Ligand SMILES: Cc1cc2nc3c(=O)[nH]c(=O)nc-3n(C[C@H](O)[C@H](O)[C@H](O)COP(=O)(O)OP(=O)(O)OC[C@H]3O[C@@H](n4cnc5c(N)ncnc54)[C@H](O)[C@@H]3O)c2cc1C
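In the form predicted on its own, a lone chain appears below as structure tokens.
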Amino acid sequence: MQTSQPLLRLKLTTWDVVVVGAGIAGSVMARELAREGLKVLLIDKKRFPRAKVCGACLNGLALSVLDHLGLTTQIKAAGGVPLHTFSGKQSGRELNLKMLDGLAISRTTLDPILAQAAVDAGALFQEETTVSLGVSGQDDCKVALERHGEHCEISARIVVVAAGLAPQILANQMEFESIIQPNSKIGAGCIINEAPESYRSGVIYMAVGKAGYVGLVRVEGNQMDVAAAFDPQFMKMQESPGKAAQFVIQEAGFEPIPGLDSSRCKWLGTPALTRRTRSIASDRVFLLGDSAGYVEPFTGEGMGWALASVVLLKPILLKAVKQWRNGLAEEWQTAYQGFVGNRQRLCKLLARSLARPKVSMVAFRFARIAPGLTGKMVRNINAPFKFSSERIENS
């Protein structure tokens, strides 16, 4: 992958769109805009490949978008593992549900594939570069870049921020303030090379405990992706994410995973998970993916929301590049809330249920008694994106 030009070269171009963050949402958005012939600069503060806290599951919603955009074949070829079952446990009670569609792949493998797809489409990918927002003018927005001590300021007609939870680029932007939900859990995750054979390929495992939950799934190379959400005080008491995860796994009734709490496991953490952003668009700046707001997910919802948002935002960005008007920010806010906001509210309800042991115990019992109804709810959450002529206008 050809990346990272000297910053002064970037200054020679007036960019149509600068996309900050080369995760799933950012890379796919950069690709789609570059395919429209726009001058697109994709920036990430990390060097690829890099690890990332994530449940590693592409659900039906995510796969429907990737299929539509012609990206699924590459992901499967990289070792993506088809998913067929969800298996949850709480205090020894077990719940198994069939999944109609899903794929598990680590972000260490997935994200470079999507970034390369953006480069192949004509976008320029700049790694190890930090970004600061400048002043939006009548015709463009100023963006300050820094890489290895080198600095420069570039111009962009539009800036898309897809840089994850509470990105540094928005730290001093009051209109984009990230508001954390009280009692929000924090995330933690790692990839392990070996796990007991009882953890089968093609199954999403979820261990539900009194102070958090842990998701486990086999990814490419038979590795195990472990992604968890914990009450902050609980993790502090356990002294490490590995010990907290091991405690919840055993509390739920799953087989312990040797070495999960050892120093060999490289755990990564996140800020508080459930949050909303005061505004998701302003003068020539649009937020996308986790930067627009986040709710604790369960079986790949976060990546599904991010990819669906790319489809919803793309026609708005094309109009914004052609001619900016203030109503486009409101248009994105409405589209986002109508699709992503409604689905996040359902996940927030589920997260609150899991946070209350007595309520979640009743929910587990109900799900076992009425698996058909529970399965229908899961299918609705993971339902494929319904593409319409209005949504894919200008595609």
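Numbers for residues come from their place in the sequence shown, where the first is 1. Quick caveat: nothing in here was measured; it's all calculated off a predicted structure.
Absent from the display: the form predicted in complex with the named molecule. The rest refers to it.
Among residues of the shown chain, residue 17 is not one whose heavy atoms approach the named molecule to within 4.5 Å in the predicted bound form. The named molecule in the predicted bound form is approached by residue 107, whose closest heavy atom lies within 4.5 angstroms of it.
Although the partner is absent here, residue 68 sits far enough away that none of its heavy atoms falls within 4.5 Å of the named molecule in the predicted bound form. The shortest heavy atom separation between residue 39 and the named molecule in the predicted bound form exceeds 4.5 Å.
Taking a 4.5 Å heavy atom cutoff to the named molecule in the predicted bound form, the contact residue among 227, 158, 281, 123 is 227. For the options 88, 112, 167, 80, the residue carrying a heavy atom within 4.5 angstroms of the named molecule in the predicted bound form is 167. The partner is not drawn, yet in the predicted bound form one stretch among 115 to 123, 232 to 240, 320 to 328, 285 to 293 has residues with heavy atoms inside 4.5 Å of the named molecule: 285 to 293. At a distance of at most 4.5 angstroms from the named molecule in the predicted bound form, all three residues 53, 57 and 129 contribute at least one non-hydrogen atom.
Although the named molecule is not shown here, in the predicted bound form the stretch 59 to 77 places no heavy atom of any residue within 4.5 Å of it.
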